[in-house]
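Here you get one chain, nothing else, as structure tokens; it is the form predicted alone.
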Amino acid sequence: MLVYLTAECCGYPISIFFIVVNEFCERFSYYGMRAVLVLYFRYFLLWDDDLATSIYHAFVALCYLTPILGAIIADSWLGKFKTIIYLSIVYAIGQVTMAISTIHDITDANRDGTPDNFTFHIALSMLGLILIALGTGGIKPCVAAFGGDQFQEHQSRQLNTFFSVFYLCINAGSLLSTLITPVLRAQECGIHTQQQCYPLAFGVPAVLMVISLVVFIAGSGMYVKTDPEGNIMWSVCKCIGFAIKNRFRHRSSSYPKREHWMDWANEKYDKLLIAQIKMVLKVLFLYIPLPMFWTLFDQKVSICHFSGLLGGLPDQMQTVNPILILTLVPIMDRLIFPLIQKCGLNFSPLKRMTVGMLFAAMAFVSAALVQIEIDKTLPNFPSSSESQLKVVNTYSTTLNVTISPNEHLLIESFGVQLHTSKHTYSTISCMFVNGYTADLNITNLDSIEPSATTNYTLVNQGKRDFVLRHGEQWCEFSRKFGFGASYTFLIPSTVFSDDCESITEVEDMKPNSVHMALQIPQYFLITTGEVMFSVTGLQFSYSQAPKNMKSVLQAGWLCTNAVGNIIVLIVAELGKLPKQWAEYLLFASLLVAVSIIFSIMAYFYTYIDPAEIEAQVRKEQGLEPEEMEKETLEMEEKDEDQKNEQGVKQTKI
């Protein structure tokens, strides 16, 4: 007999506070890393948008497939406590590995601010992401259930409150991390050259994951730890497999048909298990169209094309989602849904989910409209079969440049011409062109020889000061940079005699003029859809599942998210649309079509009471009334004894 002593505070087990803090730190770590992940792919590893998006969604899909592995390990071998410990260690190692991969100085031998060996950084970051996916996904089905194990049977009210607080910690961690990590990324750091500080942006989430692990271990002596009881998922799979195999063996018309194909497992498996599987399969069938919602929802990070916002950073726009969640959940539960019910409308859970999917579709229509406005401000880029040639005249007089075979460009002194020709695509970015007669040193940039250029350089939004120096001569040049703009600065031979005032500016790309606040409506729509779809879906799945198979449906629910991210990868590869807004409308149209299909499936669905069905099956097997009544009386007596216990210390056997 194992005896656990659990201390209480305000009616709650003290061990719960360790679990809640652990969840907050872990969610901060996960969402903080995700907030800057796509930007890391684009601007550190220099991947294009399609590759960055594909890797991002592959990572998210893996995070929602590994919960199945975590559930099997916890139920079959290690138990929830040890599974959380071991996979959290894997998780922390992954975060540290990811942070190390962002240190550009590791391979920057020539100290130009750019890694010399991208293969090393890519390999290290991919290893880190795999370890993170195994860790965060593996502990996902265990932490909440482990928290529920800490409550005794007389603490049902506190148990319900715990899950609310647990959900609150998830969003609080998400909110703070998406506020803080973009600020950390925007700092400049480095050993030899100063660059955007991705090591700090990924390092802080790594530290939070280590803290999460330490906090969880600190509460070890207070936890109620249950041993593995066998994997119900494995039993379900074996029963389904036997039913299919048995049905195939008796496919001849000479064998009488059975009411349900799972009834072919009657020869080997208990009728109660078969009845429970039928209930689960009925709900899983409804899950089939649901991945399309996650296909749209999880693109709210990867498809963002941000414009300038005074005092804000583009990747901080993601904080709108958790803020709206914390606002909309109580409004929906306490105001909107009760008001609809008072109006006499039957707004059932499946109807709520359908409406949530339509809200998500409207969010992408809104995103398409914003993207159309953004496209109007963009310059004409060369097509995939073209390239651009930049010709700079640093001579003192006008030059006539002939480009074979017979195209002529007339360029004034210290002027620039762009020539487009059929070839492969190349990009143009901000740089300095040295027209001075000797080498120049420019603050935080390369030293450039006469008639040469600096490397393409990314600079922060706002005012930036540059000091140009040659020996004892120097002058300061200042420029205010708009978000999304690109410039070429031409330095004449008279740069020091006129105190840098003769530097000529060429605006290659205008600053963004579309305000980032225009994205708020689409965030409101997608978050409203999330509240109506995700929260309602969890409640529906829980209410329609047998008591011993709620984890099975939980794993199935998480898998719909994984499949949704896989769909993003497939559609992105097969449906290469020339315009971003057209891709948004494509996804919105697909979700509307899926919503119609789901509404038809929901119309024919009959809500059930799993406990009532289980009681009926037990009665048919002769377990009622004697056995069930005896069990009920024993449970009532146990509850009454627990209610009479006094003091802070409680004993659970």
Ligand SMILES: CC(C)C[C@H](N)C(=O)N1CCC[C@H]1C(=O)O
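All residue numbers refer to positions in the sequence shown, first residue = 1. Quick caveat, the model's predicted, so the values are computed rather than measured.
Omitted from view is the form predicted together with the named molecule, to which the following refers.
P322 is the sole member of P322, P141, P291, G79 with a non-hydrogen atom within 4.5 Å of the named molecule in the model of the complex. Out of the listed residues M262, I170, I103, I567, I170 is the one that sits within 4.5 Å of the named molecule in the model of the complex by at least one heavy atom. Taking the partner from elsewhere, R27 is found to have a heavy atom lying within 4.5 Å of the named molecule in the model of the complex.
A residue is said to contact a partner when one of its heavy atoms sits within 4.5 Å of a partner heavy atom; E583 fails this definition for the named molecule in the model of the complex, lying far away. Of the heavy atoms in F297, some are within 4.5 Å of the named molecule in the model of the complex. Taking the partner from the other structure, the named molecule in the model of the complex has no heavy atom within 4.5 Å of any heavy atom of T354. From the list 171-179, 487-495, 247-255, 271-279, the contact stretch for the named molecule in the model of the complex under a 4.5 Å heavy atom rule is 171-179. Within 4.5 angstroms of the named molecule in the model of the complex, the stretch 553-568 places a non-hydrogen atom from N561 alone.
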